[in-house]
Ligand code: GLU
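Just one chain follows, in the form predicted alone, and it is written as structure tokens.
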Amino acid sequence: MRLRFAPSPTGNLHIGTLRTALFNWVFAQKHQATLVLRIEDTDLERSHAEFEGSILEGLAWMGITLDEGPVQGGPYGPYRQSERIQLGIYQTYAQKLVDEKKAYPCFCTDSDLDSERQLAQTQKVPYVYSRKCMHLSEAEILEKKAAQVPATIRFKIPHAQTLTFRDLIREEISFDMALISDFVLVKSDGTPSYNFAVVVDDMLMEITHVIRGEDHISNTPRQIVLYQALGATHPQFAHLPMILGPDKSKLSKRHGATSVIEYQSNGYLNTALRNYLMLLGWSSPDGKELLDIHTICDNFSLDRLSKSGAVFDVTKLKWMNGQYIRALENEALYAALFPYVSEELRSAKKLKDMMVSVKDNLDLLTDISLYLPVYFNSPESFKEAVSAFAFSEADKDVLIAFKNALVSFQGEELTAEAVDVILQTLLVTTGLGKGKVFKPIRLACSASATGPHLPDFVSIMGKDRIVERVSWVL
């Protein structure tokens, strides 16, 4: 099996394109197939090297490995269509189709084609190209070429047939070929059209499976008849459901369709994003949502893909990201969070312990900047902050008992475990609920209603500082 991921470098790698790459990669992993990266840069004006770099960077961050491509090389290169244009690959096959009377030069101008479309609209019939250039004589063609009249090369669609193909997700799909125009193979500037370049490249690169978005379904009949005309067997097609916004409209930037690398800079783990994207159109046989990549690859199959659009929900993604953060071992957590810690705090003592203490508060790695400052309040700023809270007499009774327990603590080090014992003892001795004990202690110790795991916070701050802070409140 050979698959390809074939993005155009006309913009940064985005969520929809990444999901396509991911499904191809998982399918390749499952079946030990070859995954090819082909850069489709036939749009020479809009294609830029920095966008190709963004694609490669995003794939690398997501752990999507490639077997062949512009960087890896391979036996079917070059892997950039611009380089294949320079070698004359597409022109050779276009001329072959012209010689076999399966394609023909077309000298129609944009104005000519607009007039045809307007006439079809007036007659309220689907527009299909009139084929008037197909009937030009050899002499007329030579005359126009001698006059340097701009020309395209059009493929002659076999109109007298209904084309049916089996999609690996959607089963049988049929098209009335009489409703499809003879489409352009080579533009007037000599560059190949999308449909032509894709077929030639997939044929020469021996691609056996094409997994892509459902927006390409309408391209498939054109591509299949091209394969037939070239005497080649077309690959098996699987068209993924579209990704939709929460309002069921096409995914856009307002829904979260930003550059993939922005998700990294915004504090998402690649493992969480990968897991979430796999659930956009596919589900695990056991119905679980939190799945490591090995489980995904083992259980993946195209027959579990949905035909309907999949909703991209940033809230759900953030929740999943938080689950992944909380599942990290301490060293991995430290490595993941450290890049998001401000430089002035990176040398702080007990930084790793601080990170662990706030792990349960984090949905994004960037959230660390919201929770670390509680450890670094000056006495003045703390007093100002804690003065905003009112403590009842019952609260103060709890604080007195907590302070006394700390003062009488005889251990060598006030560990989080020791603090937890003190807190659990208070629950028993006071007979109060957890909220009525923990809330006033948290407010008095941190001047915040939320924050780090309380035993961890008290332990990290140390006995003396906590006793001092509680004393200020009392």
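Residue indices: 1-based, along the sequence shown. Being a predicted model, the structure only gives us computed values, none of them experimental.
Missing here is the form predicted together with the ligand; even so, the following discussion is about that form.
Residue stretch of 210-218, 132-140, 331-339, 347-355 approaching the ligand in the model of the complex, non-hydrogen atom distance within 4.5 Å: Correct option: 210-218.
Listed residue (E40, D420, E57, E68) with a non-hydrogen atom within 4.5 angstroms of the ligand in the model of the complex: Filtering the options by heavy-atom distance leaves E40.
Proximity to the ligand in the model of the complex, single hit among V198, L399, I325, L97 (heavy atom within 4.5 Å): By the 4.5 Å heavy-atom cutoff, the listed residue in contact is V198.
Interface membership of L3, the ligand in the model of the complex, 4.5 Å heavy atom rule: No, L3 is distant from the partner.
Proximity of F300 to the ligand in the model of the complex, heavy atoms at 4.5 Å: No, F300 stays farther than 4.5 Å from the ligand in the model of the complex.
4.5 angstroms heavy atom contact with the ligand in the model of the complex for Y76: Result no; Y76 lies far from the ligand in the model of the complex.
Contact test in the model of the complex: Y194 vs the ligand, heavy atoms, 4.5 Å: Looking in the model of the complex, residue contacts with the ligand include Y194, since a heavy atom lies within 4.5 Å.
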